[in-house]
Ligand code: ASP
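Single chain ahead, by itself, as structure tokens, in the form predicted alone.
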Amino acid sequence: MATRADYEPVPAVAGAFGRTHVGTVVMKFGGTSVADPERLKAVARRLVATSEKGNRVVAVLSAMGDTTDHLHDLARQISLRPAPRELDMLVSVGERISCALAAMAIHDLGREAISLTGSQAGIVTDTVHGKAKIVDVRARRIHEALDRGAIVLVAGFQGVSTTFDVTTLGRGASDLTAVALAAALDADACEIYTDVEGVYTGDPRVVVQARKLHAVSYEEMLEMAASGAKVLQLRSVELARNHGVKLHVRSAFAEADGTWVSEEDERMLEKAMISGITHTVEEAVYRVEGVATADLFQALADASVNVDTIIQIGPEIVFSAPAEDRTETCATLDRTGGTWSENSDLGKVSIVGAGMKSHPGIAARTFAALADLELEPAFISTSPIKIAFYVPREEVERAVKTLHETFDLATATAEREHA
């Protein structure tokens, strides 16, 4: 079965698989879940147990612990500006190590397993290094392995470009690999195993009373991921929504159910109008004048900068972008010839909930709570299910805690429990 996205044309695959299989599950394990040999062995046992229940099992593994960071550090010791192609060749090895070791552990448990690189698994990307987009999934080899009863281990975060180079998909993109495979294989679900038990109403490190949500909609999860919730990569949620892949975010260290991400359910709206409060201090805000709007954002797109908030009133354009894109953003703004400034002293707080669409007064309660804190937001942006604003970084946690309390998110009804 082939899955396509409209980025670059890829030649059709002769004899591509068109059949589907009941009981296929894709299971993704993050870096903390495979951080050392003992945790890898635990993952192997979990994969075997899932297979023994009659499921066809595909696992996507991240690199062990901080392996990717160490590889980036190694590259910087060699070169201040590593060639993007060679950097992808280097940092893609971490996931391959995880998969090979997990396959060895599964063999020792008496089951067949095969580890595959992204390219061997048929993940075809465009030609952008470091932030490649998946354009096709050619899952023939995975199907063949599943047909003979093997557990398939796929290296996350990577693929092969249409010009046959190794590419990586960006930070956190093992989630994206897993969702793409789940779509291509018509899997029953895509299970994302991580070091937290699910998606919470607030960051538990900031809000100790935060509740684990039983369910959120794709749209809510998109807004939460874009606004600072690190539990799922944004692009993976977009792909899941586009292909109807059900996501189950759960702990790698416990058996309890986590949070289901799926189409909006009326019961979600009945339980709580707000799904959560998210925040980030990893964005910079830029103010630009003297550049046409179209020219500015085309230049940023060409530089692969992920622009988030955009506000324009009059000639000044205000936008935010991730801190990790700062080098590309500043270089692009310099080339535009306009005048610009950067503010990296702000943090963003977002209130997300599908119930906003049918419950008036959310904005009034939000800004009344901020007024009580004597906080005046620097910038405000909204969508039908989100209110986001920027305040000084040192005030972010205080705003998050207050709004979590304002909207009663520490109560049991916030969990949205339903069958």
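Since we're looking at a predicted model, the values are computed, not measured. When you see a residue number, it is the position in the sequence shown, counting from 1.
Although it is not shown, the form predicted in complex with the named molecule is what the next lines describe.
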Can you check whether residue 285 is within 4.5 Å of the named molecule in the model of the complex, heavy atom basis? no
Distance check, residue 220 to the named molecule in the model of the complex, heavy atom within 4.5 Å: no
Exercise: residue 174 in contact with the named molecule in the model of the complex, heavy atom 4.5 Å: yes
With the partner left out of view, is residue 63 within 4.5 angstroms of the named molecule in the model of the complex by any non-hydrogen atom? yes
Of these, 178-186, 338-346, 139-147, 164-172, which stretch puts a heavy atom within 4.5 angstroms of the named molecule in the model of the complex? 164-172
Partner-contacting position among 68, 350, 366, 51 - heavy atom within 4.5 Å of the named molecule in the model of the complex: 68
In the model of the complex, which residues of 90-105 put a heavy atom within 4.5 Å of the named molecule? 95
